[in-house]
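Only one chain comes next, encoded as structure tokens, the form predicted on its own.
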């Protein structure tokens, strides 16, 4: 059902496509920062593997965990790539919504000027229905994004377990234990950095606004 002439549609009153576009851009920036951290973990893991080889048999466990952290960094990068795909679709839907909202306002003004012309009224109804369909598409992208974020959070928890396990293994590195402990501490720090970024993503008003 379309709104009466001169009123603001529910879609315009409660959801601003312009605000959503800003929020999506902010989300995309957080995604980029996590991808950068994933690349950093990959480099760190490579260095840790070389260090473990230098330490020899006393750091075998540390070497295995370092390799797992490298795999984790790749999995994280792939997961964030999936998020980027959802974000691009959301940007497309929001852009279409902006066009719908502008056209709807023009049609509302035209209806008022025409004194309720039936053809203008029909065009207004068709545009409103189209806008509601696009809003439904955006809601689907929003739910999909939250689902992928949940999967990423689980992956990051695994990375945290690997980092803490590496810290334990570092203690058995004998002469290399100090160097191994430093590296494992750095792993722990970057995983915590990712957690903070995910926290910012989950708090985005893009998910809470309706």
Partner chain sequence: MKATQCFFQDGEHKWLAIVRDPERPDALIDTNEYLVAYNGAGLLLDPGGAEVFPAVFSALSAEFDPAALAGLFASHQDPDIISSLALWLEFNPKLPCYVSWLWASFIPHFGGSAESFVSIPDEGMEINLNGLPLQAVPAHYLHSSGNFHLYDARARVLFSGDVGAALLPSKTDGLFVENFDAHIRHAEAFHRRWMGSNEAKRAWCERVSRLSIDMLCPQHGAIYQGPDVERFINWFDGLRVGVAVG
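Just so we're clear, the structure is a prediction, and the values are computed from it rather than from any experiment. Numbering follows the first chain given and starts at 1.
Although not depicted, the form predicted in complex with its partner chain is the subject of the following passage.
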Using heavy atoms only and a 4.5 Å cut-off, decide whether all three of 74, 152 and 156 touch its partner chain in the model of the complex. no
Answer range among 132-140, 90-98, 74-82, 107-115 for contact with its partner chain, defined in the model of the complex as heavy atoms within 4.5 Å: 90-98
Taking 4.5 Å between heavy atoms as the contact cutoff, choose which of 67, 144, 181, 28 touches its partner chain in the model of the complex. 28
Does any heavy atom of residue 102 come within 4.5 Å of a heavy atom of its partner chain in the model of the complex? yes
Taking heavy atoms and a 4.5 Å cut-off, does residue 190 contact its partner chain in the model of the complex? no
Whether residue 18 contacts its partner chain in the model of the complex should be assessed with a 4.5 Å heavy atom distance threshold; does it? yes
Would residue 32 count as touching its partner chain in the model of the complex under a 4.5 Å heavy atom rule? yes
